[in-house]
Structure formats: C-alpha cells, structure tokens
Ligand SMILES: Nc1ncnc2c1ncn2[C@@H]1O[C@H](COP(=O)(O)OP(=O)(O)OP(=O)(O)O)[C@@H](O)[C@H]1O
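Given as structure tokens, the chain that follows is alone and in the form predicted on its own.
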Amino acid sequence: MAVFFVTEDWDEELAKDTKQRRHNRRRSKKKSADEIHMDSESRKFIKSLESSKGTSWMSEKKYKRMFSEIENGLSGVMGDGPFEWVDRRVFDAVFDRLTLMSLYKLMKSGVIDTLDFPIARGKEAHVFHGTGESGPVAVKIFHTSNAVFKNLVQYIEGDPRFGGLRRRHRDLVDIWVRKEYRNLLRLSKWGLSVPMPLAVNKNVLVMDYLGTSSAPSPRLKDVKVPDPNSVYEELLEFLAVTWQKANLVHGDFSPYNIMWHGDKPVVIDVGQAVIQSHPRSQEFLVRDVTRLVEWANKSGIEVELAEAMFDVLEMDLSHVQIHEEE
C-alpha cells in the first residue's frame, strides 16, 4: 500500500493551485464566471484560516461552499445534513477549523474518502473508522484545544529528530503527531506488528484499521488469549527488536496499548516512543518490561523481571532484517 506523507502548508498548497490554474488558462483562455468566483473564494478562504476564531465561520456562505466538497465524507461522524445540525460540543472538541482543513487536504489527496464512526476516545485523541483508496483506515485526530500534551514534553525533548521544540500547544501537538508517524514507520520497517502509517497532516494521522466493518479489535487487556506463553514470547521479542534493531523504546507498553487482531497482538500508541540516546530511555525500557512481566504473571506465566530484561537486551535477533532503510 502506498504511503503518503502530507506536510505542505496552505501557502504551498495555494501556490500549487495557482500553477494549476495558469496551466488550465493555457488550455482554455476563458473561464466561466463561476470558476472565477470559486478561485477568488478559495484564495480568501485559505488566507483567512489563521485569523478565524470559533465555529461561526462555518455558517458563512463562502466557507460552506468551499467545504461542501467534503461535507458528505464527514456525515458519518458529524451528522447528516447542514453543519448547523452538528452537535457543537463534539465539533468544538475535535473538529476545529485547522483540523477540518487537514481532513480536507487528506480527502483531496485521496487518502481519505469518508469518516464513518468513532472507534476510540482518549485524553489526547479521537480515533475514527474511515474509508480510503484501498479500504478501511483508522483516522486519529489529536486534540488541539486542551493542555494535555504539556506533560508529554519529556518524550520529545532529547530526540534529535525533532529539534527546535517550541512550547506552544499547537506546535507541540503537530510535533507529537509527526513523531508517532515516524515511530510507526520505523517499527514497521523492522517487521514489527504495528499499524502501518499511511499519511499525516498537522494533527491528523491516518493508518491501517484494526477491526471489523462494525467495531475495532479489542485490546489485549479485554481478551483471554488461548496461548499466553506464545503471546508473551512474541511481545518480548517485540521489545527486543524495538531496542536492539530499531533503537527505540515504546515508553508506554501495556495491555491497554496492545490490540488483539487476527489472533495476534498488535502494538499501538507509539507517539511517546523515544530513541536509545534519549536521557530517559533506559528508565522507560525497564518500565515497559516490568509491565509485560506483570501481564505474564497475571496470565499464569512464571517469569522474573531480571530474566525478561536479560532476554530483551541479549536476545539473538540475527534472523531479523530491516525491510527498507528509513
């Protein structure tokens, strides 16, 4: 499946649109009055995004007309019909204007066709079932209107991949989402069982969907696995490959962040994963292994933390090869 990394800002997008319009003029010298009007409204729309406040902008004619291109694609999560029918509490919490523009761009690029229904809700994000070019996708929309990310700076500071950290909330959210995208990509290239990232734009991350047409797969904490010993061995190797090969530490490894999909564990929520050179990486690794050992003990497996730590650090992984250089 193709991977799209959508990061251009709206000024760059407008520049592309301008070039396209020039190309179109060479093909057809005369535009209709409607086309001329839409070009003008598009320029005004993009220019005013940063200065718009609240949701009142959605009721303005020019925005309704612009946004009508994707309104049907959002009907599954925003209600059928005009935007004035939307539950504003949900709208304000998740779909602020810049989030809607990220979705607009992802839809125009073909990564997303529709958002169908919510499948998970957390402090940092809502996750929705969506449809894309090749079938179902998971669309993770990170919140931008609260301060929950202020406690997550510890997972970003010290990571050279994300230098120049700014403390403004919106900037921190965008960095966090790019970090999760990069971590998923790195782990998947080592053959680890994580959702494949498909696209990212600002605070919206699109990845493989885990579940059925009506519901997401359950979390490991909510299922009784038929062979817990084999699951433990698989998760232990996950931690070992993550540390020894991918040079990462998950940082929040627990049955809450592991899905049970296709009769195997799939690790999710890797935004907080840090590289080995991070000043707290060893502390996070011990914590991850401790949580796995606790799950194993509760599942009837007798294993000590020291034994598990030795396996993670010294496991023979000569059979593990990277699929593609990062």
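The shown structure was predicted, so the numbers you read here are calculated from the model rather than taken from an experiment. Start at 1 with the first residue shown and count on from there.
Although not depicted, the form predicted together with this ligand is the subject of the following passage.
Contact with this ligand, judged by heavy atoms within 4.5 Å in the predicted bound form, is confined among 103-111, 215-223, 236-244, 185-193 to 215-223.
Taking the partner from elsewhere, every residue among 124, 127 and 138 has a non-hydrogen atom within 4.5 angstroms of this ligand in the predicted bound form. With the partner omitted here, the residue from 210, 175, 231, 98 that has a non-hydrogen atom within 4.5 angstroms of this ligand in the predicted bound form is 210. Residue contact check for residue 259: one or more of its heavy atoms lie within 4.5 Å of this ligand in the predicted bound form.
At the 4.5 Å threshold, heavy atoms of residue 268 reach this ligand in the predicted bound form. Although the partner is absent here, residue 119 sits close enough that one of its heavy atoms falls within 4.5 Å of this ligand in the predicted bound form.
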